[in-house]
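Below sits a lone chain in structure tokens, taken as the form predicted alone.
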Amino acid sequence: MNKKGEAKEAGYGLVLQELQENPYRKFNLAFSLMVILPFLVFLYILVSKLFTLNILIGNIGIVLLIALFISICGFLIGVRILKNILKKLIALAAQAKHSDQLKSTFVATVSHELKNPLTSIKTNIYNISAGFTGEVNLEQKNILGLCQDTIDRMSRLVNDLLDLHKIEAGMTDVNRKPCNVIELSEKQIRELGVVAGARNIQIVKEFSDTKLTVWADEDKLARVINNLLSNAIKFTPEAGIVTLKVYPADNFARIECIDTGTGIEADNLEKIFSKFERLNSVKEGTGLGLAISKDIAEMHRGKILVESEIGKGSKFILLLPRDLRGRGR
């Protein structure tokens, strides 16, 4: 088998894995049963004595037999056409799945190769800026600071790409334990307080209690809350307000992050969770934060919703089951 054939087979395997079953088996069974249908109708006519021997040997009988033969042939041809369509659809899905996997693997490989050089450059820039290699004047420090910021942005992009690849490939370890969502939220507010304060943005917290426990991976959950808060601060104008609400809702923990920004158009509400989707190219970011947050939420059998109104702002809602231990991984 050539490389192209191997690629198709690999993609086909991925599609079957995604479907968790081979659709051909069920279709073959269904079509086999459907082929019997004309014979069952004919048998019913005979048993009901609606079809007598006199009719069978007469002109009407010949016409009926021809009609029955044509209907059976037409039915079989229809079955064949449907099976061919199904085969092509699965082949196309397999091709797309394999292509997506190749892209993801390529991006992850490139990102991994970039990670070490970036770390080395970052360390050297810091050493020079700190004066370990000789005296540095103010202008040189400013230039090195800009370089450091650029390296930091590139490092964040590389780390986000690697994390996204690991999540999509199912290579991410999930270390679940009881986590206090209130405590995690408080911590993220403190971390982002300086960023918000620099733009005179007030972070308002509305917590139902001092403790709300979920069974989750603490680091990953903290990352989701951080992403939602960071985005809210980023898209809220100066002197605006960002509100973080945390409270129980049935068997879920509900976290709402509300900003007073410009809002998101209805057509773009689904797009914002796609990889590399940036609705505002002026704002800094990789376009991966919400995609990663959505994957982490789903990893915990939760989900992220968004509500928005142009001119008034947006509300991102994170829903997490309180306890997953009875629901499997």
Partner chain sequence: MTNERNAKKILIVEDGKELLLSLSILLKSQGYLTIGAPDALFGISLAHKERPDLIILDLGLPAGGGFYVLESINDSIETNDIPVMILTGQQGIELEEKARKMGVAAYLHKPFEPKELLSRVKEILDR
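As the structure is a prediction and not an experimental result, all values here were calculated from the model. Residue numbers count along the first chain shown, from 1.
One more form of this protein, predicted together with its partner chain, exists but is not displayed; see below.
Each of 115, 119 and 159 is positioned with at least one heavy atom within 4.5 Å of its partner chain in the model of the complex. Its partner chain is not shown here, and in the model of the complex it never comes within 4.5 Å of any heavy atom of residue 139. Not displayed here, its partner chain is approached by residue 166 to within 4.5 Å at the level of heavy atoms in the model of the complex. Within 4.5 Å of any heavy atom of its partner chain in the model of the complex lies no heavy atom of residue 251.
Although the partner is absent here, residue 207 is not a contact residue: none of its heavy atoms lies within 4.5 angstroms of its partner chain in the model of the complex. Remark: of stretches 252-260, 151-159, 177-185, 226-234, the one touching its partner chain in the model of the complex is 151-159 (heavy atom within 4.5 Å). In the model of the complex, the residues of 119-133 lying within 4.5 Å of its partner chain by at least one heavy atom are, in order, 119, 120, 122, 123, 124, 126, 127, 132, 133.
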